[in-house]
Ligand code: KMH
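The chain below stands alone and is given as structure tokens, in the form predicted alone.
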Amino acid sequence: MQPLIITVAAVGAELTREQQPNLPITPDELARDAAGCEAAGASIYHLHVRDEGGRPTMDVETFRRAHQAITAATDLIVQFTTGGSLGDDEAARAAPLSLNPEMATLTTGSVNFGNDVFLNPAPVIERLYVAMRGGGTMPEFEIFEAGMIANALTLYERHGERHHQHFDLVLGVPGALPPGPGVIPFLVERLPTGATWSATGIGRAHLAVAEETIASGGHVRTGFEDVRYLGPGRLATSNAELVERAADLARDRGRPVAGPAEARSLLELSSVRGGTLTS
């Protein structure tokens, strides 16, 4: 099996300090958090940002400051969100791509999200994809339902530009596909030959999904966006603590953990530190 790539989704758009007092928000906090995650075994830092009041934002300058702080402190691949918050319009979601990050997430379909709907019409998905590729950014296709895999493959084939394909299977969002027996194999069988994939379970599903994914040869996403607790009633003290648990699970299975350079190689990313971020 490949060395395990651990992505840390450190912040998200929904979580508050009241729910998780250790949530990193400021650029300095993000840099310290990222450094701890890298030391624990992470190689990708999935980035949402907050404004000075702690509210989620897609402001380009806020992304720039956060990215600069993280890359000054670590060698992590910084992966921008294009999902933003539910209700963000297309222009807001696309704006940080002007900074040309190494990676960015792209959800390839609409999905129920609790009491709301995460809208991703086909034209919006296509324009976000084109914006990513125009800046040399590699998309991570975020998959909440099986049909989103087909949408991603259609998009990839339509544009005819060959790049490594990486998928993240997100299981357990209320209203979307839950984890369960046979779910991960069902999804993985539909991925193209040569693609890499990671998976995450939301909330209580998190540990079981991580264990199955590691055993199946996939990669893992963890972090406060997906799970707040290390165990029953036990809030994680940091994102690094969640990363360390995933790394320990991999080592117990005999899988080494990939550092940022090895992850860049596996994902066929540029070896240039920090990507092509516009200054």
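Sequential numbering from 1, following the sequence displayed. Every value quoted in this text rests on a predicted model; they were computed, and no experiment measured them.
One more form of this protein, predicted in complex with ligand KMH, exists but is not displayed; see below.
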22, 35 and 244 each touching ligand KMH in the predicted bound form (heavy atom, 4.5 Å): no
Option from 64-72, 209-217, 231-239, 40-48 whose residues, in the predicted bound form, bring a heavy atom within 4.5 Å of ligand KMH: 40-48
Heavy atom within 4.5 Å of ligand KMH in the predicted bound form - residue from 198, 108, 137, 105: 105
Selected contact from 122, 86, 146, 130, since only one has a non-hydrogen atom within 4.5 angstroms of ligand KMH in the predicted bound form: 86
Residue 156, heavy atom within 4.5 angstroms of ligand KMH in the predicted bound form: no
Any non-hydrogen atom of residue 13 within 4.5 angstroms of ligand KMH in the predicted bound form: yes
Interface residues of 108-127 toward ligand KMH, as seen in the predicted bound form [heavy atoms, 4.5 Å]: 113, 118
